[in-house]
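The chain that follows stands alone, in the form predicted on its own, written as structure tokens.
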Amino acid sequence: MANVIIRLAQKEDAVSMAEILREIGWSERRNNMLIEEVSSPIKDLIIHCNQDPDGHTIIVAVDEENKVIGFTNVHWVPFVMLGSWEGYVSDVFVSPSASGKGAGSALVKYVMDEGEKRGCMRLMLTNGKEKPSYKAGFYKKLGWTERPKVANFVYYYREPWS
């Protein structure tokens, strides 16, 4: 594993995060927008999350030159049915140029450690079955369990970027 440093995202990281989303080709629409149009809402989200650390955390993985090579976002929510807290990981993205260097594992392990420190009952995330991370069993290798009887539904208020 290369020297990967995990730290909280800073608003200055927004452009690098937007560039990673472009690199992976997450959204054709997003790739046709100016980088400022893509990074501006990311910057706003970083500011919001850093102002509400009990509710949200955006974390970046940086290399030895402090270049952002990956990021994750987790939301800490009360879950009444569990009588505890749950961490919902909404994003885990690593630059294709940094793939295999341990950034993804370091980000997810950071979230796992943070969830334990916070006394969460569980962490949850969704992973597209067509994604390379799913096909490679990335999360299973880190000890996560796929839920066979639960469907993941979404309700859109507006068209998403992806």
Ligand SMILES: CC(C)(COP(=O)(O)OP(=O)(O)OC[C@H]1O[C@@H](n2cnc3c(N)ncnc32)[C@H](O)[C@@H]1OP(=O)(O)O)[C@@H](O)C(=O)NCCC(=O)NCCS
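Heads up: residue numbers just count along the shown sequence, starting at 1. Bear in mind the structure is a predicted one, so any value in this text is a computation, not a measurement.
Below, we refer to the form predicted in complex with the named molecule, which is not included among the displayed structures.
Engineer: Considering the named molecule in the model of the complex, which of 101, 43, 56, 30 comes within 4.5 Å of it through any heavy atom?
Structural biologist: Comparing distances to the named molecule in the model of the complex, the residue within 4.5 Å is 101.
Engineer: Verify the contact flag for residue 144: yes if a non-hydrogen atom of it lies within 4.5 Å of a non-hydrogen atom of the named molecule in the model of the complex, no if not.
Structural biologist: So residue 144 does not count as contacting the named molecule.
Engineer: Taking heavy atoms and a 4.5 Å cut-off, does residue 136 contact the named molecule in the model of the complex?
Structural biologist: Judged by the heavy-atom cut-off of 4.5 Å, residue 136 is in contact with the named molecule in the model of the complex.
Engineer: Report whether the minimum heavy atom distance between residue 127 and the named molecule in the model of the complex is within 4.5 Å.
Structural biologist: Flag for residue 127 set to yes.
Engineer: Taking heavy atoms and a 4.5 Å cut-off, does residue 68 contact the named molecule in the model of the complex?
Structural biologist: Residue 68 lies outside the contact set for the named molecule.
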